Each structure stands twice: as C-alpha cells, then as structure tokens.
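Take a look at this single chain, the form predicted on its own, given in structure tokens.
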C-alpha cells in the first residue's frame, strides 16, 4: 500500500461523502462496493472515485471493487477521526449551544472539553454536560485540558479577539463560525463555516438558477 499525500480540500470533502456512504453499507452488512456504485450514490464520477482511493493507497479488485470495512477504516485513519482531540468553544449563544449539544464531536474524534463566555449570567451553568467558564480562565484551562482546537461562535466584532486568545494559548486549529476572515499566523489552520456566508451563497445560487430558467423561456 502506497503512502498517501496530503489531500486538497475538495478531496477531503469527497472523503466525508464516501465515508458516510460506506458506514451505511457497513450497517447494512454489505461487504464490497464498486467505484461505479459509490459514484452513482455520491454524484461523483467513477473515475474520480478510483483516483481518490488510489491516492490513499487503495486499489479495488476487478468486478468486486473495494472491501467496505477496510476502505472505511482507511478513510478514518487518513482523516485522523479516531485520534482523541480536545476542543473548546468560545461563545455560548444560540449557535454555540446548538453545537455543544450536537453529536458531531465524537464522529471526528473530538471531545468538547471546555466552554467559555464572558456573560456572568451564563458562567457557571452547564451546556451538554460541560461547565461554562469565564473567558479569563482560558489560558489555564487550555493548558490543563490539553486543548488542541478551538471553535469560535461569538459575534463578528469579537471574533478576532477570540482568535488571538486561542493563538496566544497555543491552539493551532480553529473552527470559525463568525463571518470574518481571521488574521492568524501561517502555522494556524482555520476552517471557516459562516452561516451568513452560506446563506448568501445559497441566495446567489437560487438567483442564478432563476435567471437561467428565465433566459431559456
């Protein structure tokens, strides 16, 4: 099996799709799957599917395809989903509370170890079984809990301050939900997941589709 290279973002997103489907097949007891079947289910060409898996070091067998459990395990390994990683969340508004209570953490190998806010009415309460701490405790808690990733769910004007706090505490991976571009050092990874940007993109896509239909009339 060849050593895989670093995957571009588009490939990682496809791996997430493959893994979700493979886990469904595992649950149904299916032992093998072809690139054509995976492609048809995900909307990705069979050629691209084979290329993606080849880069991981996995080649299917003619007429049989790939072993479902083996391929799923390989993708989990490549995406590092089974390595325990502690994360913290800054900002317990509606979005922060929803994220804290969701089941997304364990699936990606994360554990929500700490939640921070500056609202005195929230500090000391619990969300998803995690006590909300004062933001002034940030550095000590990050060190004590071995926190490696941070999630920003504060309003846009406060996002850079939260990012600076994380970087200063040694966090090198940030999941940012604020609609701003964070200024961080080159060795810090930022994954932007802005709900506002997502809706704006959706609005534009809907308009473009509507314009195309009108043009065709």
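Computed from a prediction, not measured in an experiment: that's the story for all the values here. Residue numbers count along the first chain shown, from 1.
A second form of this protein, the form predicted in complex with a further copy of the same chain, is not displayed here; the remarks below concern that form.
The partner is absent here; in the model of the complex, the one residue of 78, 71, 130, 142 having a heavy atom within 4.5 Å of a further copy of the same chain is 78. Think of it this way: in the model of the complex, a further copy of the same chain has a heavy atom of just one of 67, 191, 26, 161 within 4.5 Å, and the residue is 191. With a further copy of the same chain omitted here, the record of contacts in the model of the complex names 175-183 of 26-34, 58-66, 45-53, 175-183, defined by a heavy atom within 4.5 Å.
Contact annotation for residue 169: none of its heavy atoms lies within 4.5 Å of a further copy of the same chain in the model of the complex. Interface residue remark: residue 118 is not counted as part of the site for a further copy of the same chain in the model of the complex, having no heavy atom within 4.5 Å.
Residue contact check for residue 123: none of its heavy atoms lie within 4.5 Å of a further copy of the same chain in the model of the complex.
In the model of the complex, a further copy of the same chain lies within 4.5 Å of some heavy atom of residue 94. Using a 4.5 Å cut-off on any heavy atom, the residues of 84-108 that reach a further copy of the same chain in the model of the complex are, in sequence order, 85, 94, 95, 98, 99, 101, 104, 105, 108.
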